[in-house]
Every structure is written in structure tokens, then in C-alpha cells.
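In C-alpha cells, the next block holds one chain alone, the form predicted on its own.
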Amino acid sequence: MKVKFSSPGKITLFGEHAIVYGRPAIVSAINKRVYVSMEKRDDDFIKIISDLSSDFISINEISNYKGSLIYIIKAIEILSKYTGRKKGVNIIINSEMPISAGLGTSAAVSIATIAAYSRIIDYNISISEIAKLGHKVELEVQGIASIMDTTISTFGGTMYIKPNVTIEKIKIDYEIPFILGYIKREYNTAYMVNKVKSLMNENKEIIEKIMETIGLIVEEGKKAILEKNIEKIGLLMNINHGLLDSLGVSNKELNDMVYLARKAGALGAKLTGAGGGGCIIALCPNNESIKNNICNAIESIGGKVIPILLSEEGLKEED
């Protein structure tokens, strides 16, 4: 038996980190995906080949696993406990995005793994169960995580998410032209989330005000998106980046890409994701010359330009 599922990466337009503390965020799926292929084995072993690394372990030892493929292993462990069913599998993981870039690859691989493995063990799982269990994977691996990445990887589109309050799909019927700039990450998501948590614990009153302001930016960003006010979206991106920088989640490389992109003509630019390196998004005018200038600016400091489009597609089974 063979199955294949894929799930999209994402960009956070507004609100990363603040969503961990109950504020809203706006996130969009992109047309770059993670693919998870699975084949049932005749024994109790899990063999994984991925863009990240490869491994071969017993299904009875997964609770002690500490390797780099932890999201895949944890997804299988959680689903096995949830259903009471286990099967050995061969797994192949392919990603159209850099790993650990702030584009939600860990969420995408968790969601696609849960969907594929549920089919292997013959468990009829609902889409809402997949999203819930995917979030549990991120919580157990990272220690702290919002529902944002796993929700968008499951359902796709653009969403306004306020934890424990609302998940609202935002219909975008026009182009919002983004350029994605990537540079190698210094620190992973868990490290950056815990760094902000420490800052919050040490300076609660000040950091709460920053989170509150980011929440206000998200609300204004939602209005600007619905009003098709591209210039306002760009302005709010710039303000959001400044506040993220004040939380210590940006770095010199990300800031260089952000400021050079703005200088080259971007209407707005900010980091996207947890930070510590990774990706920025630059909002472009509808002008090919300016787009080229922004791409050249990103590449001039060693950044990689990744073409992206916003996508309505979430989790899906592949042929």
C-alpha cells in the first residue's frame, strides 16, 4: 500500500510571536509544498529518507527518538497513541522549501505525515483532527507553539487567527505581489520562541505592550487587505518588523535584506516566521524593473530569492 500527501508552507503577513500570547495573526499558504510518501512495511520498522536526513528505527523505540527528523517521528508517535494502531512504514519526504527557514515546513511535514499515516493504519481521520494533532506535535517538540502554522498547513488560503477566539478565512481576489528572501538560519523556531518567552518573563509589562501593539497592527492589516490598500499593507509590514526587531528575533542579515529591499522600492518588508535568520517578505509595486531591483538587492548580500504566490490549497492527497 502506497500513499502520498502534501501540505503547503506559509508566510506570516502580520503577528508572528504575538500569537503565542493570545494576539491575532494573519497568515497565508504559499505555492511551495512538502510531500510525504508512505509505503506499508511487513515489519515494525520506520525507514525515512528526506531532504533533511535519513533514519531507520523500530516503531517501538520512537518515544526515545532525538534525531533531526523529530517532527515526523513525533507525528507517528502521537497518531499511534491516539488511535492505538501501529504499522511499519517507508517514508520519503521532499520539500520545495528550505528546511528551518520560517516557512512552516515543520508544520507542513507534521500535517502531511499524520494524513498519510492515518491512511496506512486504516484510520478514518477528520480534517479537524489532523489540525489538532499537528498542533500537538509542534507543542511536544517545541514546548510552546501557536495553532497558526498547523492550521494554515491544513486548510490553506489566507487566515485571520486569534487563539481560542476565531479562525477566519480572508478571501483575497487580487494579487498581493511578494518576493521572498532567504538566508541561512542561525537558530531554530523552538530557540526563538523560548527567547521571547524569557524576555516576556523578565520584562512583562513592556513586552505585553509590544504584543498588544502587534495585535493592533494585525487588525489594521486585516482592514487594509479587505480594502485592497497595498500601500497601507506595506506600511504596516514595516512597523511590524520594527517591533519584531525590538523583541530580538531579527538579526543583521534579515535587517539588511529588509532595508535594502525597501531602498530598492519595496512598499514594505519584514521578517516572516520565528526569525533568527530565515526569510523576509517584500511587498512589490506592479513594476518589473522595481521587482528586479529588489531581487538584486537581496542577492547582493548573499540572500536567495524564492518566487512565491499565495495559495488557496491546503492539505491534499497526491496522485
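In this text, residue numbers run from 1 along the sequence as written. This structure is a prediction, so every number in the text was calculated from the model and none was measured.
Omitted from view is the form predicted together with another copy of the chain, to which the following refers.
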Looking in the model of the complex, any heavy atom of Leu235 within 4.5 Å of another copy of the chain? yes
Does Ile120 make contact with another copy of the chain in the model of the complex, using a 4.5 Å heavy atom cut-off? no
State yes or no: in the model of the complex, is some non-hydrogen atom of His241 no more than 4.5 angstroms from a non-hydrogen atom of another copy of the chain? yes
Whether Lys132 contacts another copy of the chain in the model of the complex should be assessed with a 4.5 Å heavy atom distance threshold; does it? no
Of Ile46, Leu260, Leu283, Ala274, the only residue with a heavy atom within 4.5 Å of another copy of the chain in the model of the complex is Leu260
Picking from Ile170, Ile206, Ala190, Ile167, the single residue whose non-hydrogen atoms come within 4.5 angstroms of another copy of the chain in the model of the complex is Ile206
Kindly indicate whether Glu202, Ile217 and Ser246 are, all three, within 4.5 angstroms of another copy of the chain in the model of the complex, using heavy atoms. yes
Just to confirm the contact call: exactly one of 194-202, 159-167, 82-90, 68-76 touches another copy of the chain in the model of the complex at a 4.5 Å heavy atom cutoff, so which is it? 194-202
